[in-house]
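We give structure tokens for two forms of one protein chain below, kept apart as structure 1 and structure 2.
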Structure 1
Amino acid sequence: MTMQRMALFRLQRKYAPYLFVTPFIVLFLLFGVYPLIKSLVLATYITSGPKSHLFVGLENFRFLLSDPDFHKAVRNTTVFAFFSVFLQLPLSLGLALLLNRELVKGRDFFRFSFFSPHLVGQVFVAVLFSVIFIPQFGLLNRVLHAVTGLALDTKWLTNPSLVMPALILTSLWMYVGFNMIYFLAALQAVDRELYDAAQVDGASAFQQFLHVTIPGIRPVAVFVMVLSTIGSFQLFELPYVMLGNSSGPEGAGLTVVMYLYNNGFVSGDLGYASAIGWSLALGVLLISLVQMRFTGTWKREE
């Protein structure tokens, strides 16, 4: 009897880990791997709803190269990502540097205040800023009128040249405080002895920032940049709600994900939508790899 129990115990020790990870593996295969493979196969078809489909091979990807609407979506999304990232990161870092100083009173209150816009979600923010951007009665036009004397009839969401600046301003309000939290954590992890040593060597505040702070937070900065880039290329809810469930005047607010949604769930061509999705995924992967390459993430330490 003792030998049987020992054999059973050894059997449990051998197979128990596999038993515990089985639910994750099953769910990952069912909701992760299978949809990816299905979407890749679907990208080789032209569909009209879930049941009607025609195999076309790589024709969907060839059509992307000459599709003017797709080109406009890529251009709009790239512009949004560029200005969002390169405005967000300096502002977030500046706020983190300011709120990391012990001399600032009420630091915890201001940290939460700047972070809190991220808690409400893109749909709520879109509705809020749709009201802020209203001509005549919108808060932004009234503030600009009081400060600069500009007219109150600036049409932010109906003027093609102002749609993208409006989206960028909205995203800054929502994500600057979110990225600030990452930079705050990174700043607090920098060894204080390095600053003391730099002061002894006569380094100015700017030199300490350049030679101590920047190297110390570089891994987090790269992470935030890549994460912000990926998030920017996934933009959908914000412009879709702000522009009244549309791409805006002359398609000025059309993004890649919005174009994917229009083709897949409005037009019903799930095959072409899958091709757009895979093109977006590969494009974001390429951009992320380039960012990590030029920021020295892969550089070998000697």
Structure 2
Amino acid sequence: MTMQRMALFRLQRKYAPYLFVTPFIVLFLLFGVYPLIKSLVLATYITSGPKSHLFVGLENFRFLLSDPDFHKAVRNTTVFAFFSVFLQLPLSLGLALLLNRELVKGRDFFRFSFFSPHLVGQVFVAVLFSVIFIPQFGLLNRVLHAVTGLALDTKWLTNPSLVMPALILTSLWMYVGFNMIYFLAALQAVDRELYDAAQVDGASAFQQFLHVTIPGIRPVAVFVMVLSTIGSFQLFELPYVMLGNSSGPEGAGLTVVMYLYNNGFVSGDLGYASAIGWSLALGVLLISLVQMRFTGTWKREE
């Protein structure tokens, strides 16, 4: 190899990595960092129409504190996140445990079946469940009427007290199988020898689950929990489509992101929408930190 080629190779080795990361850095700065900074600036303005802005400092954040619709959105989103996470995770783990057993016939088929709702996307699922929840002629009411005698005209999506259960049920159908995949992967990574040792020590199946499985899958469980919480707080498409571009009866389906969208893109107050966005981001960050603190994530890493 000539000296010239060697020099070229050395130059490549030195600068090529920067060349490779440059497109990402440029795009990230342009479409990630700049909008973030811009939205933070916007959050200190009230916008009215396409060109008028009035600097109001922290007024948008102060208004948030007294805004009943924002409170409602936070309440709804928190309820959704709580039930989603605490129903989804046990169900996903249960399914994963079941489908991890060699005794179950057709495991691959079931794994794919449970995972498949996630492949079609939220909008499709929302449309599908809008039809399922239809009063009088919908599948769910027909089945429940036949089995439990529930009134055929039960209005899942127009009765304020049924909207949230309907949304949670829909999200369970979509995400239980998805989270199951994480748990399956985690279960398969648990060292078999630990189970053998536990059996030799006389541990029951439940004790093995408690003392071997749970510690073994804890990092993944924390990851799934944090991810599900963040996803739940970003809820938008499901209620938006299922409730016909509205917040539902008495605002029962209003979520924080929907409220952000309504303010920014329906009412045209981008400043207030930005303030909502930042509040949401900070709230989710705080909740995630609390979750990680209580699940001992950092302690373990130390």
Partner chain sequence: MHLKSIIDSFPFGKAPFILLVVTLFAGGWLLFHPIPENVATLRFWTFAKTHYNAYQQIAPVFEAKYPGTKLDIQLVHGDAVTTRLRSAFWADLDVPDLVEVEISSAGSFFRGPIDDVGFVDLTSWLKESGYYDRIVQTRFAPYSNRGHIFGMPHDVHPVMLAYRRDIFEAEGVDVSKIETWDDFIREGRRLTRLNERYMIELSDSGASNLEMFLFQRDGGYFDADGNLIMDDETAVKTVTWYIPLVAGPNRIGSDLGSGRVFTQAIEQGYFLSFICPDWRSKIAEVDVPRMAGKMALMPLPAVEPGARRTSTWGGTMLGITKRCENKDLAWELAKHMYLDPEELAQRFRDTNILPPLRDAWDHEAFKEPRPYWSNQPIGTLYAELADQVPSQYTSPFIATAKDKMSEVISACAAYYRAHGDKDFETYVRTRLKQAAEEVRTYMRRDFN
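One-based numbering along structure 1's sequence throughout. Computed from a predicted structure; not experimentally measured. We call the rigid core the largest set of C-alpha positions that still match within 1.5 Å between the two forms.
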Identity of the form predicted together with its partner chain among structures 1 and 2: 2
Flag for L282, CA shift 2 Å or larger between structure 1 and structure 2 after aligning core: no
Shift in Å of the C-alpha at Y15 between structure 1 and structure 2 after core superposition: 3.2
